[in-house]
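The data below hold one chain only, encoded as C-alpha coordinates and taken in the form predicted on its own.
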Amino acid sequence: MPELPEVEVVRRGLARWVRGRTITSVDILDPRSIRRHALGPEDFAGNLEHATVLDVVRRGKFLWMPLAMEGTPAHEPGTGVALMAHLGMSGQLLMQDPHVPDEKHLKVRLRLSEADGMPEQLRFVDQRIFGGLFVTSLVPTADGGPGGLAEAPLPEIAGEAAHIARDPLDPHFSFEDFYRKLKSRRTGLKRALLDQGIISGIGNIYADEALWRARLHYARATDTLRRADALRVVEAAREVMSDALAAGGTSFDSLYVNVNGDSGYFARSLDAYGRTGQPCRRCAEAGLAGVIKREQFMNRSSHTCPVCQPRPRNGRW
(Lines give C-alpha, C1' and ligand atoms only; values in the text may rest on other atoms or scores of the structure.)
Protein backbone atom coordinates (compact mmCIF):
# COMPACT_ATOMS: atom_id res chain seq x y z
CA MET A 1 0.00 0.00 0.00
CA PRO A 2 1.35 3.49 -0.81
CA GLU A 3 2.69 5.27 2.26
CA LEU A 4 3.24 8.96 2.95
CA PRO A 5 6.20 9.56 0.58
CA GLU A 6 4.38 7.84 -2.28
CA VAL A 7 1.20 9.87 -1.70
CA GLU A 8 3.25 13.09 -1.44
CA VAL A 9 4.91 12.28 -4.78
CA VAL A 10 1.42 11.96 -6.29
CA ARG A 11 0.25 15.19 -4.59
CA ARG A 12 3.16 17.20 -5.98
CA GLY A 13 2.60 15.83 -9.45
CA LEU A 14 -1.13 16.56 -9.36
CA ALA A 15 -0.61 20.08 -8.03
CA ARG A 16 1.57 20.85 -11.03
CA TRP A 17 -1.06 19.71 -13.53
CA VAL A 18 -4.53 20.35 -12.06
CA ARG A 19 -4.43 23.49 -9.89
CA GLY A 20 -6.70 26.17 -11.36
CA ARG A 21 -8.16 23.90 -14.04
CA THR A 22 -11.88 23.19 -14.46
CA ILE A 23 -13.36 19.69 -14.69
CA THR A 24 -15.36 19.73 -17.92
CA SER A 25 -16.79 16.19 -17.82
CA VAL A 26 -16.71 12.97 -15.82
CA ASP A 27 -16.78 9.37 -17.09
CA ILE A 28 -17.50 6.65 -14.52
CA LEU A 29 -16.43 3.35 -16.03
CA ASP A 30 -16.78 1.30 -12.85
CA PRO A 31 -19.24 2.50 -10.15
CA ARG A 32 -17.42 0.39 -7.54
CA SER A 33 -14.65 2.99 -7.51
CA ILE A 34 -17.05 5.70 -6.29
CA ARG A 35 -18.91 3.49 -3.80
CA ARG A 36 -17.87 5.81 -0.95
CA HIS A 37 -19.94 8.58 -2.57
CA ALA A 38 -23.24 7.68 -0.90
CA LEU A 39 -25.50 9.62 -3.30
CA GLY A 40 -24.36 7.67 -6.35
CA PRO A 41 -22.78 8.27 -9.77
CA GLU A 42 -25.07 11.05 -10.99
CA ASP A 43 -24.52 13.14 -7.89
CA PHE A 44 -20.77 12.46 -8.00
CA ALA A 45 -20.50 13.64 -11.61
CA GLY A 46 -22.85 16.56 -10.99
CA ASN A 47 -20.69 17.85 -8.15
CA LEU A 48 -17.52 17.70 -10.24
CA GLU A 49 -18.58 18.93 -13.66
CA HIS A 50 -17.71 22.63 -14.11
CA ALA A 51 -15.96 22.76 -10.71
CA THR A 52 -12.45 24.23 -10.55
CA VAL A 53 -9.64 22.49 -8.67
CA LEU A 54 -8.20 24.99 -6.20
CA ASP A 55 -5.33 22.92 -4.82
CA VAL A 56 -4.15 19.43 -3.91
CA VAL A 57 -3.78 18.77 -0.18
CA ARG A 58 -2.30 15.88 1.81
CA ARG A 59 -2.30 14.96 5.47
CA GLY A 60 -0.71 11.63 6.27
CA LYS A 61 -1.85 9.31 3.48
CA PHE A 62 -5.10 11.25 2.88
CA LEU A 63 -5.29 13.22 -0.37
CA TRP A 64 -7.97 15.69 -1.46
CA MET A 65 -8.60 18.48 -3.99
CA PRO A 66 -10.64 21.50 -2.74
CA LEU A 67 -13.14 22.64 -5.35
CA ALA A 68 -14.71 25.95 -6.37
CA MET A 69 -18.21 25.20 -7.60
CA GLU A 70 -19.50 26.92 -10.75
CA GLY A 71 -21.43 30.11 -10.01
CA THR A 72 -20.71 29.91 -6.28
CA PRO A 73 -18.79 32.69 -4.50
CA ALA A 74 -15.71 31.86 -2.48
CA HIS A 75 -16.79 29.77 0.49
CA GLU A 76 -16.32 30.60 4.12
CA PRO A 77 -13.62 28.46 5.79
CA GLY A 78 -15.01 25.04 6.62
CA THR A 79 -18.00 25.19 4.27
CA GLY A 80 -16.37 24.00 1.04
CA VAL A 81 -16.21 20.66 -0.73
CA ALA A 82 -13.38 18.57 -2.09
CA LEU A 83 -12.69 15.55 -4.26
CA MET A 84 -11.18 12.91 -1.99
CA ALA A 85 -8.87 10.26 -3.45
CA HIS A 86 -8.19 7.03 -1.59
CA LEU A 87 -5.45 5.03 -3.33
CA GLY A 88 -5.94 1.81 -1.37
CA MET A 89 -3.62 -1.00 -2.41
CA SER A 90 -3.32 -0.27 -6.11
CA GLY A 91 -4.97 3.05 -6.95
CA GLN A 92 -3.21 5.31 -9.44
CA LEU A 93 -3.94 8.91 -10.44
CA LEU A 94 -2.51 9.42 -13.91
CA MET A 95 -2.34 12.53 -16.11
CA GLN A 96 -2.86 11.47 -19.73
CA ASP A 97 -3.63 12.97 -23.12
CA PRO A 98 -6.77 11.82 -24.97
CA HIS A 99 -4.78 9.92 -27.61
CA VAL A 100 -3.27 7.60 -24.96
CA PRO A 101 -5.24 4.30 -24.95
CA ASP A 102 -7.32 3.60 -21.86
CA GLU A 103 -5.54 1.57 -19.20
CA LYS A 104 -6.88 -1.93 -18.55
CA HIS A 105 -8.11 -1.04 -15.06
CA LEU A 106 -9.35 2.50 -15.76
CA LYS A 107 -12.25 3.29 -13.40
CA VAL A 108 -12.91 7.06 -13.59
CA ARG A 109 -11.86 9.72 -16.11
CA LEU A 110 -11.97 13.47 -15.47
CA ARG A 111 -11.57 15.76 -18.48
CA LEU A 112 -9.94 19.08 -17.66
CA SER A 113 -10.01 22.49 -19.28
CA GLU A 114 -7.25 23.06 -21.82
CA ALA A 115 -3.91 24.42 -20.67
CA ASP A 116 -0.79 24.90 -22.76
CA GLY A 117 1.36 21.79 -22.82
CA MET A 118 -0.62 20.01 -20.10
CA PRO A 119 -2.37 16.62 -20.30
CA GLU A 120 -6.13 16.94 -20.60
CA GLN A 121 -7.31 13.96 -18.55
CA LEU A 122 -6.96 12.84 -14.96
CA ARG A 123 -7.52 9.09 -14.82
CA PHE A 124 -8.14 6.93 -11.76
CA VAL A 125 -6.83 3.42 -12.36
CA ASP A 126 -7.25 0.68 -9.76
CA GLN A 127 -6.55 -3.01 -10.32
CA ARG A 128 -7.74 -4.32 -6.95
CA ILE A 129 -10.58 -1.80 -6.40
CA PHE A 130 -9.73 -1.14 -2.73
CA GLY A 131 -9.35 2.58 -3.45
CA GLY A 132 -11.83 5.10 -4.79
CA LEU A 133 -12.98 8.67 -5.28
CA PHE A 134 -15.76 10.61 -3.56
CA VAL A 135 -16.86 14.18 -2.93
CA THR A 136 -16.67 15.28 0.69
CA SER A 137 -17.10 18.33 2.92
CA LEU A 138 -14.31 20.48 4.34
CA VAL A 139 -14.34 21.39 8.02
CA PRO A 140 -12.22 23.82 10.08
CA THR A 141 -9.02 22.34 11.51
CA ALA A 142 -9.03 21.74 15.25
CA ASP A 143 -5.81 23.70 15.85
CA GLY A 144 -6.52 26.52 13.40
CA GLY A 145 -3.52 25.58 11.28
CA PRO A 146 -3.48 24.43 7.65
CA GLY A 147 -5.28 21.19 6.92
CA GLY A 148 -2.17 19.66 5.40
CA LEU A 149 0.59 20.15 2.86
CA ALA A 150 -0.55 22.22 -0.13
CA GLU A 151 0.65 24.97 -2.43
CA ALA A 152 -1.69 27.50 -0.74
CA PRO A 153 -2.62 25.89 2.61
CA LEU A 154 -5.92 26.86 4.26
CA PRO A 155 -7.23 26.13 7.80
CA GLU A 156 -9.67 23.45 6.66
CA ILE A 157 -9.54 19.72 6.21
CA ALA A 158 -11.54 16.94 4.60
CA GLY A 159 -13.89 15.55 7.22
CA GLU A 160 -12.56 11.99 6.81
CA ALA A 161 -9.03 13.16 7.69
CA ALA A 162 -9.94 15.43 10.62
CA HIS A 163 -9.27 12.72 13.22
CA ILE A 164 -5.64 12.02 12.32
CA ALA A 165 -2.54 13.69 13.73
CA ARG A 166 -0.08 15.69 11.66
CA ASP A 167 2.76 13.84 9.96
CA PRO A 168 6.53 14.38 10.32
CA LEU A 169 6.80 16.30 7.03
CA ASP A 170 4.08 18.78 8.02
CA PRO A 171 5.62 22.17 8.98
CA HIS A 172 2.97 22.44 11.72
CA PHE A 173 3.85 19.07 13.27
CA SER A 174 4.27 19.49 17.04
CA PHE A 175 6.88 17.29 18.71
CA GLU A 176 5.50 18.26 22.13
CA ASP A 177 2.03 16.97 21.20
CA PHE A 178 3.55 13.80 19.80
CA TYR A 179 5.70 13.17 22.88
CA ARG A 180 2.79 13.81 25.25
CA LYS A 181 0.60 11.29 23.43
CA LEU A 182 3.47 8.80 23.26
CA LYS A 183 4.14 8.93 26.99
CA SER A 184 0.45 8.54 27.81
CA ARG A 185 0.28 5.15 26.04
CA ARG A 186 1.33 1.83 27.48
CA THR A 187 2.25 0.11 24.25
CA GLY A 188 5.19 -0.74 22.01
CA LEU A 189 6.96 1.95 20.02
CA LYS A 190 6.16 0.62 16.55
CA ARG A 191 2.49 0.14 17.39
CA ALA A 192 2.44 3.79 18.47
CA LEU A 193 4.13 4.93 15.25
CA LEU A 194 1.41 3.15 13.27
CA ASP A 195 -1.35 4.85 15.30
CA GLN A 196 -2.65 7.68 13.10
CA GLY A 197 -4.02 9.48 16.15
CA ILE A 198 -0.48 9.91 17.51
CA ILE A 199 1.45 10.59 14.31
CA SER A 200 0.17 10.08 10.78
CA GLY A 201 1.62 8.80 7.55
CA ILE A 202 4.05 6.21 8.94
CA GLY A 203 3.32 2.74 7.61
CA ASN A 204 5.07 -0.57 8.12
CA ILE A 205 7.99 0.03 5.76
CA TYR A 206 8.97 3.46 7.04
CA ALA A 207 8.41 2.49 10.68
CA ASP A 208 11.01 -0.26 10.29
CA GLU A 209 13.39 2.10 8.51
CA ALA A 210 12.98 4.92 11.05
CA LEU A 211 13.49 2.56 14.00
CA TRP A 212 16.61 1.12 12.36
CA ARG A 213 18.05 4.60 11.87
CA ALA A 214 17.14 5.54 15.46
CA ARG A 215 18.71 2.29 16.79
CA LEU A 216 15.52 1.43 18.69
CA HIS A 217 13.60 -1.84 18.86
CA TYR A 218 9.93 -1.90 17.84
CA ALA A 219 8.91 -3.35 21.23
CA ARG A 220 10.39 -0.50 23.31
CA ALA A 221 7.71 0.58 25.82
CA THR A 222 6.48 4.08 24.95
CA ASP A 223 5.99 5.15 28.57
CA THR A 224 9.71 4.53 29.22
CA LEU A 225 10.89 6.50 26.20
CA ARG A 226 13.13 9.45 26.96
CA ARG A 227 12.59 12.75 25.18
CA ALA A 228 15.91 12.35 23.31
CA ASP A 229 14.86 8.89 22.07
CA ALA A 230 11.47 10.14 20.91
CA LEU A 231 13.08 13.08 19.12
CA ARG A 232 15.54 10.70 17.45
CA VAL A 233 12.64 8.58 16.13
CA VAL A 234 10.81 11.61 14.71
CA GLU A 235 13.96 12.93 13.08
CA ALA A 236 14.70 9.48 11.64
CA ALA A 237 11.16 9.18 10.25
CA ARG A 238 11.41 12.64 8.71
CA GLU A 239 14.82 11.83 7.25
CA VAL A 240 13.88 8.48 5.75
CA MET A 241 10.68 9.82 4.22
CA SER A 242 12.52 12.80 2.78
CA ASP A 243 15.05 10.41 1.24
CA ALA A 244 12.19 8.34 -0.18
CA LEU A 245 10.61 11.46 -1.65
CA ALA A 246 13.86 12.34 -3.40
CA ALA A 247 13.85 8.85 -4.94
CA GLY A 248 10.23 9.09 -6.07
CA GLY A 249 8.91 6.75 -3.38
CA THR A 250 9.22 3.01 -2.82
CA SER A 251 7.97 0.67 -5.55
CA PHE A 252 8.01 -3.09 -5.07
CA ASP A 253 5.81 -3.74 -8.12
CA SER A 254 4.10 -1.88 -10.96
CA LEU A 255 1.06 -0.88 -8.89
CA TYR A 256 2.60 2.23 -7.33
CA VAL A 257 3.49 4.91 -9.87
CA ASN A 258 3.46 8.71 -9.92
CA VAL A 259 1.11 10.80 -12.08
CA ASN A 260 3.40 10.27 -15.09
CA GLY A 261 3.32 6.49 -14.67
CA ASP A 262 6.88 6.21 -13.35
CA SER A 263 7.93 3.99 -10.42
CA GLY A 264 10.02 5.13 -7.47
CA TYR A 265 13.34 3.51 -6.66
CA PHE A 266 13.83 4.00 -2.89
CA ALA A 267 13.43 0.24 -2.40
CA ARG A 268 17.09 -0.01 -3.44
CA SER A 269 18.07 2.07 -0.38
CA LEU A 270 16.12 0.27 2.34
CA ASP A 271 18.28 -0.69 5.31
CA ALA A 272 15.91 -2.98 7.24
CA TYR A 273 12.58 -3.72 5.55
CA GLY A 274 12.72 -6.72 3.22
CA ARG A 275 16.39 -7.51 3.99
CA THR A 276 15.82 -10.66 6.06
CA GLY A 277 19.03 -12.67 6.48
CA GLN A 278 21.24 -9.98 4.97
CA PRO A 279 24.05 -8.24 6.89
CA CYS A 280 23.11 -5.07 8.74
CA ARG A 281 24.92 -2.30 6.85
CA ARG A 282 25.66 -0.30 10.00
CA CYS A 283 27.08 -3.32 11.84
CA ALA A 284 29.12 -4.34 8.82
CA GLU A 285 30.77 -0.91 8.74
CA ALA A 286 31.60 -1.29 12.44
CA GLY A 287 33.00 -4.80 12.01
CA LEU A 288 30.05 -6.42 13.82
CA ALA A 289 28.09 -9.48 12.74
CA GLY A 290 24.55 -8.11 12.81
CA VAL A 291 22.05 -9.75 10.44
CA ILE A 292 18.56 -8.38 9.71
CA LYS A 293 15.86 -10.49 11.35
CA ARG A 294 12.17 -10.70 10.43
CA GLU A 295 9.54 -11.24 13.12
CA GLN A 296 5.74 -11.43 13.02
CA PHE A 297 4.06 -8.20 14.15
CA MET A 298 0.33 -7.31 14.08
CA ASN A 299 -0.44 -9.65 11.16
CA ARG A 300 2.51 -8.26 9.22
CA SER A 301 6.24 -8.21 9.96
CA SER A 302 9.03 -6.22 11.55
CA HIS A 303 12.64 -6.11 10.42
CA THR A 304 15.37 -5.34 12.95
CA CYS A 305 19.04 -5.94 13.66
CA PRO A 306 19.43 -7.85 16.96
CA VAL A 307 22.90 -6.34 17.45
CA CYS A 308 22.29 -2.60 17.08
CA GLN A 309 18.54 -2.72 17.89
CA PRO A 310 18.48 -5.06 20.90
CA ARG A 311 15.09 -6.14 22.23
CA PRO A 312 14.29 -4.42 25.57
CA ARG A 313 13.83 -6.62 28.62
CA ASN A 314 10.36 -5.26 29.36
CA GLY A 315 9.20 -4.61 25.83
CA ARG A 316 5.60 -4.33 24.68
CA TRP A 317 3.85 -5.09 21.43
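Computed from a prediction, not measured in an experiment: that's the story for all the values here. Rigid core (definition): largest C-alpha set, two forms, superposition within 1.5 Å. Don't overthink the numbering: it's just position in the shown sequence, from 1.
In what follows, reference is made to the form predicted together with the DNA, a form of this protein that is not presented.
Judged by heavy atoms within 4.5 Å of the DNA in the predicted complex, the contact stretch among the candidates 87 to 95, 137 to 145, 223 to 231, 114 to 122 is 87 to 95. The closest non-hydrogen atom of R16 lies beyond 4.5 Å of the DNA in the predicted complex.
The closest non-hydrogen atom of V100 lies beyond 4.5 Å of the DNA in the predicted complex. Contact check for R21: no non-hydrogen atom falls within 4.5 Å of the DNA in the predicted complex. The DNA in the predicted complex comes within 4.5 Å of no heavy atom belonging to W64. Checking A165, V81, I205, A219 against the DNA in the predicted complex, a heavy atom within 4.5 Å turns up for just one residue: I205.
Contact residues in stretch 10 to 43 (any heavy atom within 4.5 Å of the DNA, taken in the predicted complex) are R32, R35, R36.
In this overlay on the rigid core, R180 has a C-alpha that sits less than 2 Å away from its partner position between the shown form and the other one. Residue displacement note: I129 has its CA displaced by at least 2 Å between the shown form and the other one (rigid core superposed). Core-superposed comparison between the shown form and the other one: the Cα of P31 travels 2 Å or more.
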